[in-house]
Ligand SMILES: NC(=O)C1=CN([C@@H]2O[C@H](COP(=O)(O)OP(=O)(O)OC[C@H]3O[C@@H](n4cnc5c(N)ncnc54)[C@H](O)[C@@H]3O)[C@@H](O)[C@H]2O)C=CC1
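For reference, the chain that follows is the form predicted on its own, supplied as C-alpha cells.
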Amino acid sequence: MANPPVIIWKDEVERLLRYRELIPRLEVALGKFSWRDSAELIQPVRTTVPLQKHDGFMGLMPAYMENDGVLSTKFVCFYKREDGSTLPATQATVVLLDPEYGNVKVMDGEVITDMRTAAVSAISAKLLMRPGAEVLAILGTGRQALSHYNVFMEMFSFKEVRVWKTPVSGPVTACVSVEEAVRGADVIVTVTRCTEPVLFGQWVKAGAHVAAVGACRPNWRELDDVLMKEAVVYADSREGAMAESGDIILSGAEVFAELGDVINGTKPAHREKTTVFKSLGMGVQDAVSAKLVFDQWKARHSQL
C-alpha cells in the first residue's frame, strides 16, 4: 500500500537513538556482513561522485537485509576542510524503504552517521583492546570526536582521557601535540581531517589499539607506514578498505580480518598485539540504525 513519505528530523533522531540499543544491532550486522551470504545481506562498496569545485565527494551507500526486511541507502557529502573552517565536513540523509512497496522514510543522517561510526569504533575496542586498558586518547575535531568521547565514556572505564583538538567538556587532559596525547595510551581514536599522517608508530605503545576513522579516501592518510606495517589490521569491510583507505593502500598493509570475522569466531582478536581498526563506514550500519530510529518513532507515535 502506498503511504506518504515519513520525515524524521535531526532533533527527533537524537531523542530516539541510544547506544545501548544500537550497539547490539551493529554487532549482529557486522557478523552478517562478514558471512558474505547474499541471501542474507547485499551491500556493494560505496559509490562516490567527485565534487571537484567544492573539494568533496558525494557517496551513495545502499544495503538490503532480505530476511530482516530492511532496505536503505544513505546519501552523504564529505569534504576536505581546512582547520578552522565553519563549513561542515559531512552532511548525510538516510532513506529507509519498504522492500515490498518502496515507500520511503527520510531521516536526517547526521546523528545516525556520528553515532553508528562511534559505536563501531567502540565495538572494535571491546573486541581488540587489552584487558585493563586505562588510558584513552582522542585525536581530532568536530562531531565525530564528540560522539566517540560519549560512547567510549559510556562503555568503558578509563582512568585517564587525553584529547588533542577535541572539543569536549569533562574530566580530560587537553594536549598540545599528538605525541603528548598518545604516548603510553592504551586506546587511540583518530577522527581527524588530516590527509597526511598525523599518528606515527614510534609514539604508539606496543599492544595499543587504534581506531582510525578519518582519511576515507585512497590518497588520504592519518597513520604512518611504521604503524600500519607493525600492527595487526582489522576493517569493517575488506573491500571497502582496499578501495578507499589511503592508510591501507599506500602503506601496502594487509587487512588481517573484519570485525565481523572476530564476532563470528572465524578470525582471532589479537589483543596482545598492536592493532589498528580501519573504519570506512558501511551501508548496513546505516540500515540497522535507521530501522531502529523508525521502530522507536513508530512506537512513540502509536502511543500519542
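Residues carry their position along the shown sequence, with the first being 1. In this text the structure is predicted, and so the values were computed from the model without any measurement.
Below, we refer to the form predicted in complex with the ligand, which is not included among the displayed structures.
Contact check for Val226: every heavy atom lies farther than 4.5 Å from the ligand in the model of the complex. Although the partner is absent here, Ala185 is not a contact residue: none of its heavy atoms lies within 4.5 angstroms of the ligand in the model of the complex. Looking at Ser72, you'd find every heavy atom of it more than 4.5 angstroms from the ligand in the model of the complex. The closest heavy atom approach of Ser237 to the ligand in the model of the complex falls outside 4.5 Å. Contact annotation for the candidate site: Phe200, Ser251 and Lys273 all lie away from the ligand in the model of the complex (no heavy atom within 4.5 Å). Proximity to the ligand in the model of the complex, taken as a non-hydrogen atom within 4.5 angstroms, holds for one residue of Leu127, Cys175, Ala89, Ala133, which is Ala89.
For the residues Thr141, Asn150, Thr93, Asn103, the 4.5 Å heavy atom test against the ligand in the model of the complex is passed only by Thr141. The partner is not drawn, yet in the model of the complex one stretch among 226 to 234, 203 to 211, 93 to 101, 114 to 122 has residues with heavy atoms inside 4.5 Å of the ligand: 114 to 122. Along 170 to 193, a non-hydrogen atom within 4.5 Å of the ligand in the model of the complex is carried by Val191, Thr192, Arg193, in order along the sequence.
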